[in-house]
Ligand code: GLU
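What follows is a single chain, given as structure tokens, in the form predicted alone.
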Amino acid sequence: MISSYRGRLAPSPTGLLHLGHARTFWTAYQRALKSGGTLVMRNEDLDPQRSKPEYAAAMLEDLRWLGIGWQEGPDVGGPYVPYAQSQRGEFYLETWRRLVREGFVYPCRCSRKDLARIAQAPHDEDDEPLYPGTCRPASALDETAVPESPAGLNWRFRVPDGEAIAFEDGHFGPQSFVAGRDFGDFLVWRRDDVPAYQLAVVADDAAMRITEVVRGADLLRSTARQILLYRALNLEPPAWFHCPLMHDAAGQRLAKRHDALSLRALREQGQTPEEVIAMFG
């Protein structure tokens, strides 16, 4: 019997993958293996300033060195090409159009110095700030007022204030985040014509038929946002499995600035894949 399980690896080529990334991707790989399903590699190179081809090449090479394999991806192809977000612009535009037509998003003219970060997956300490609703309209946009393109404006998703968005996480158990309190109207498109992480990941996971999302615990809150997008698009959300984060000796969460704990550095120090896997704990 062929398994219907479809998992994914979705690294961003904005630096070398570190030990924490490796542990999460190893977990995703093991869960796909256990289910006898398919694992998809997706290059999440949305950020035009920080994404680098050399990092994209390194992440594929380093994960294969670790022993992780995938059945679909930018290097092997598959039925849902392309597997690089920078090449999937039309998919995101169609998702934006659907959200506009149904009245779920609105343009926002508020300035945001750190807007560029929204192309990247947010984390707890630098999560998208709670939006005060400055540009939120009283009602949905008139269809005649909708532009042909989202470029030139920020676009936000209108959350249902006060509603608890609950889901079951495969590792952490029951989760619940209240819209308007734990997170506000969130960005789905940047004024520099780049789709935000939340929109892109939902569009891609739905298009690629992903049945379980395995990722770090720093994205638990983002899951609530993404569930709202799935609901607005009338799509069935996947199952969720969030992995605990890894920390360095000083207790700081691992980040791409931890070059000494990157897979590339560990390889160059002579560590074997088995020794790296043993570090996962």
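Each residue number is its position in the shown sequence, starting from 1. From a predicted model like this one, the values you see are computed outputs, not experimental measurements.
There is another form of the same protein, the form predicted in complex with this ligand; it is not shown, and what comes next is about it.
Student: Just to confirm, V201 within 4.5 Å of this ligand in the predicted bound form by heavy atoms?
Tutor: Yes - in the predicted bound form, heavy atoms of V201 and this ligand come within 4.5 Å of each other.
Student: State yes or no: in the predicted bound form, is some non-hydrogen atom of L219 no more than 4.5 angstroms from a non-hydrogen atom of this ligand?
Tutor: Yes - in the predicted bound form, heavy atoms of L219 and this ligand come within 4.5 Å of each other.
Student: Given that the partner is absent here, does S262 sit within 4.5 Å of this ligand in the predicted bound form, heavy atoms only?
Tutor: Judged by the heavy-atom cut-off of 4.5 Å, S262 is well away from this ligand in the predicted bound form.
Student: Can P11 be called a contact residue for this ligand in the predicted bound form at 4.5 Å between heavy atoms?
Tutor: So P11 counts as contacting this ligand.
Student: Spell it out for me: taking this ligand in the predicted bound form, does every residue among R31, W70 and E212 have a heavy atom no farther than 4.5 Å from it?
Tutor: The answer is no: none of the three residues contacts the partner (heavy atom, 4.5 Å cut-off).
Student: Which is the contacting stretch out of 193-201, 147-155, 86-94, 173-181, given heavy atoms within 4.5 Å of this ligand in the predicted bound form?
Tutor: Stretch 193-201 is the one.
Student: Output the sequence-ordered list of residues from 17-50 with at least one heavy atom within 4.5 Å of this ligand in the predicted bound form.
Tutor: The stretch touches the partner through E44 alone.
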